[in-house]
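So this first bit is one chain, no partners, the form predicted on its own, shown in structure tokens.
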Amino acid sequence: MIGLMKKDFAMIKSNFKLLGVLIIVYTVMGFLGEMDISFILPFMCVMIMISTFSYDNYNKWDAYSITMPNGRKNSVRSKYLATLAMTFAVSFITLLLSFLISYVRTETIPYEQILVTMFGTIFGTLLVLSFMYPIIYKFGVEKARIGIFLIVFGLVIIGSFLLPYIDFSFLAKTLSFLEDYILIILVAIAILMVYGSYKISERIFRKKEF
């Protein structure tokens, strides 16, 4: 398992340098007050990890990995764990940088605001991960990108059509009622979301022919 994760990290070694440069650039922009760095860096981790699917396909890795003991299961599991490890590591670095930027610029650290923003970003990142990985395992990276674009475009159209019929007052009352439990609820949703995505991807990969 650890070896498979190391394999993914080795394939994107050059991307780590790019990620390091971007962290520096976005940190400088954060000090200048031109952007909030918490929104983009965790998402980039998923995008970088998605590139490993292309490397695997180019090198015929999947056909080799299934010959190992529990190869199909471990291959999928390692992909998710590597992505989660990278996402949380970069999110932690981003959190510390956000504290530093806020203190340097305002001499105060709004811990609650930064933590809420960071948590929202991590939740959004896990949502993207949970949504994209099963599609990639099913259709491949290139077809998945097209499919994801069409799905997102379709959801935007459907959302804009349904928007006039949504009772926002009811949603506001519901959110107000759940306010004290929202963090626990979102953590539970995130865990179930990632686990469900993993199980779907595992099932797809087990049935895949090479």
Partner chain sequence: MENILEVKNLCKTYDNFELKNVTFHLPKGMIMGFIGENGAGKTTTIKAILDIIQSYRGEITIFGLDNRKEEGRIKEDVGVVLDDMFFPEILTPNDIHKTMKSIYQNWDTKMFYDYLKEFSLLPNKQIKTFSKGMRKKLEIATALSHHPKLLILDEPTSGLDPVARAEVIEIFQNFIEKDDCSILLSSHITTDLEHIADYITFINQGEIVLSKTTDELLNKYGIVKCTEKEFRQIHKEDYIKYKKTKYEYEVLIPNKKSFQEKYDIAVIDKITLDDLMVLMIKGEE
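Numbering follows the first chain given and starts at 1. What you see is a predicted model, and the numbers here were worked out from it, not measured in a lab.
Omitted from view is the form predicted in complex with the partner chain, to which the following refers.
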| property | result |
| --- | --- |
| Segment that reaches the partner chain in the model of the complex - one of 22 to 30, 181 to 189, 41 to 49, 57 to 65, heavy atoms within 4.5 Å | 57 to 65 |
| Non-hydrogen atom contact Gly71 with the partner chain in the model of the complex at 4.5 angstroms | yes |
| Contact test in the model of the complex: Leu18 vs the partner chain, heavy atoms, 4.5 Å | no |
| Partner contact for Met11 in the model of the complex: the partner chain, 4.5 angstroms, heavy atom | yes |
